[in-house]
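The data below hold one chain only, encoded as structure tokens and taken in the form predicted alone.
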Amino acid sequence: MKKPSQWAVLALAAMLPLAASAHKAFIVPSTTVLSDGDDAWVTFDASVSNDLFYFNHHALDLDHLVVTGPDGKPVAAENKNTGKWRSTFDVHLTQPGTYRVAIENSGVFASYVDAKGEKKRWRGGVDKLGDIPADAKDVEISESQSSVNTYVTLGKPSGGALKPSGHGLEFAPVTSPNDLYAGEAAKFRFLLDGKPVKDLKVTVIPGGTRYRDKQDETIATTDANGEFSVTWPAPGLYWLSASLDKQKPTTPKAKERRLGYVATLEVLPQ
């Protein structure tokens, strides 16, 4: 059997955020908030795991790693390495402000019946749709987009790296993702292709699931402005996720589009 491509595995992880047994993709920074300094570095781990923020399933591929600096421009990741259970890389924070670190994936799934009457499945990039045989019958195409994110800030938070692109399912924080404190409410927003998403279910799960029988998830629902709030019960790392299916596709001939977003957020003590 052909090994699933990385984007396919990531898409699956992002599309099943509510399942207690589902594998969860995440990026974990060594620290999220740093004081102003001349030589600030952060190390990141990227993995898909059975337990939040532990490495026991497989590493996330770094081919589609995107780091955005406070000025909204790309920043190079350094010392990249992919092992069995996790990938690692470093980011040199040379500008004050907030950085977005993400692995972004998109692709197409298809099923069809070939000339011999056999049902086939196919996956690949949008630019490879021509690989599906011209004489294929009962072709069904679905589009998938997903991202795994985290955020770090050097000095004061800023918004340049958080500016929405207007494409896909995007997280548009009202409260800075690096200004979160236990016992305080934080407000966030989700957009779909630049417009607020109403009635989107957002799941928030604290780390340490390895040591408890329940996920202890909190589920919030976005309002008409795409906004929702979370009051953090305790300090620590949290996994935030949201997904949409049966959306209008952007790929020609696709039947639907599925989208997913996950992020690792750190909540600090008061």
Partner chain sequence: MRRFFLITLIVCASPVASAADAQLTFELPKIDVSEYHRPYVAIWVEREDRSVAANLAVWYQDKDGKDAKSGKAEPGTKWLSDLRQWWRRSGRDQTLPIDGVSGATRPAGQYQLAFSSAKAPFAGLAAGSYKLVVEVAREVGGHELVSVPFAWPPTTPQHLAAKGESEIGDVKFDLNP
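Only a predicted model underlies this, so the values are computations on that prediction, with no experimental measurement involved. Positions refer to the first chain, counted from 1.
The form predicted in complex with its partner chain is left out here; the points below concern that form.
- Shown here without its partner, the chain carries 23, 104 and 250, none of which come within 4.5 Å of its partner chain in the predicted bound form through any heavy atom.
- Although the partner is absent here, residue 156 is a contact residue: one of its heavy atoms lies within 4.5 angstroms of its partner chain in the predicted bound form.
- Not displayed here, its partner chain is approached by residue 181 to within 4.5 Å at the level of heavy atoms in the predicted bound form.
- Its partner chain is not drawn, but in the predicted bound form it has no heavy atom within 4.5 Å of residue 208.
- Within 4.5 Å of some heavy atom of its partner chain in the predicted bound form lies at least one heavy atom of residue 38.
- Only one of the listed residues (33, 244, 52, 42) places a non-hydrogen atom within 4.5 angstroms of its partner chain in the predicted bound form, and that residue is 33.
- Listed stretches are 195-203, 111-119, 70-78, 181-189; the contact stretch with its partner chain in the predicted bound form is 181-189, by a heavy atom cutoff of 4.5 Å.
- Contact residues in stretch 231-270 (any heavy atom within 4.5 Å of its partner chain, taken in the predicted bound form) are 269, 270.
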